[in-house]
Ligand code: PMP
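Next up: a single chain in structure tokens, the form predicted on its own.
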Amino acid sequence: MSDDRTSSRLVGLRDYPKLAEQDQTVVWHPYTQMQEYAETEPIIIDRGEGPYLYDVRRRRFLDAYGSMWCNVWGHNHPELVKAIQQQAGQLCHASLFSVSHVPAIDFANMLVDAIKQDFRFADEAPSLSHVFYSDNGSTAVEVAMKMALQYQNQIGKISRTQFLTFHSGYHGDTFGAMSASNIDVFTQKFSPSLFKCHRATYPMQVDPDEHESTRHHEMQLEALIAGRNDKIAAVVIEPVVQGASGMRPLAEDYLGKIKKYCREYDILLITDEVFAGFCRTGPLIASSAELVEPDIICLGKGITGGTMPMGVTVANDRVFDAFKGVWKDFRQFLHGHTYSGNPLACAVAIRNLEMIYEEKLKENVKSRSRELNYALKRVIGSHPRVGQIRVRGLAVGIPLLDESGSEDGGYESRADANKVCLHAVEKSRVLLRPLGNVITIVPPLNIESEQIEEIVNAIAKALEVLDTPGE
């Protein structure tokens, strides 16, 4: 192999201009305006270690957005790397279409046991016992929606072909997931090809110490479900927090009210925990915080510790049993992915789940969440441009107020948050990403106190650009 073909691992400062040009012209980046990107000096990462990423120019960056919210243990954790290497030496892939393999079986069993443990205090014995593998969060949601539709069809409820979702929700970029989502800037250009979903209000609890009444939202929800109960196959919701709409926390106890109406009208409840699960908001299973067991759970992002793509959809006995039969009945679930249950991903997911318990990760998230919340309120909470800071576990949103004092500018009004995040990257080497005019912090879940201080100080310093004319 020539030196040119191996240069990506040996790139030095003198190679950066050529590498940057190739990145800007050949690589099409997600959710990125490539014309603007071509005018920047791109950050090209070479390696990772702990909470830090190192680029080809030998600069160190604190990964405060968790590599798009999936990082659990920092980068290149030796235990996770070892799990991948050991599995790669034995089996890299075998499709679950025709055979099975040990890592897929072992992880499914471990995950089901973990879910049962999280729901052990629920009123009824947990029955989320059937794991369907896919390869990312969006497909996990797509699987759940198809599962719900086929389930309703096979129990004789053939008119139940619709979904009830929530305003400002985000469930992914595949077409079913987009249809369930409600952030217009992401979906409006595809709207002619999306199917209609009914929308309910997602009541946001801004201050965890203030319990505002949600009775009017509950009445609206009940009316929506009651009026269309013969048409709705499932309710789809992000429990605990809506991530992509700016870390909007769900009002306390509201998930239980949704479950109550789903049960009353015999409609399935799907929780999209791709972001909120795997300890990001505290518990392994986010909905277990209120002991609300859904019929179907969607998981992804942190499921492999942030190392490899994986999504899973976990269904209860009620759903699973509706798919049983003989081949000629054609009741089998009509969905699958080539890399479903990839052995490498399953092997590292097993080690990730083991480490969550060994390292008492849930307790660390709880203490670091309090620490981060306190530091943010102490350092930037009184800044005139900072709105009510939203914290759920280690999912944080810092809305920036406009001149009128409003924080509801939508995705189009990202200029100020973008300035702050760019300043944090350029001056403090802290990687942040805005959601509209909301600054988000989604760090590795094993983050230490010194890194929390580094993030907060970087934001405080970056907020100065809003006070400086011409910046």
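Treat the numbers as computed from the prediction; the structure is a model and nothing was measured. The first residue of the sequence shown is number 1, and the count goes up from there.
Heads up, the form predicted in complex with the named molecule isn't pictured, but that's what we're talking about next.
Listed residues Thr281, Thr304, Ser138, Asn342 were compared with the named molecule in the model of the complex; Ser138 is the one with a heavy atom within 4.5 Å. Checking Tyr151, Phe163, Tyr170, Phe132 for any heavy atom within 4.5 Å of the named molecule in the model of the complex turns up a single hit: Tyr170. Looking at Tyr65, you'd find every heavy atom of it more than 4.5 angstroms from the named molecule in the model of the complex. At the 4.5 Å threshold, heavy atoms of Asp295 stay clear of the named molecule in the model of the complex, well away from it.
Although the partner is absent here, Val274 lies within 4.5 Å of the named molecule in the model of the complex, judged by heavy atoms.
Although the partner is absent here, Tyr52 lies well away from the named molecule in the model of the complex, with no heavy atom inside 4.5 Å. Residues with any non-hydrogen atom within 4.5 angstroms of the named molecule in the model of the complex fall in just one of 250-258, 281-289, 266-274, 154-162: 266-274. Taking the named molecule as it sits in the model of the complex, the stretch 52-66 never comes within 4.5 angstroms of it through any non-hydrogen atom.
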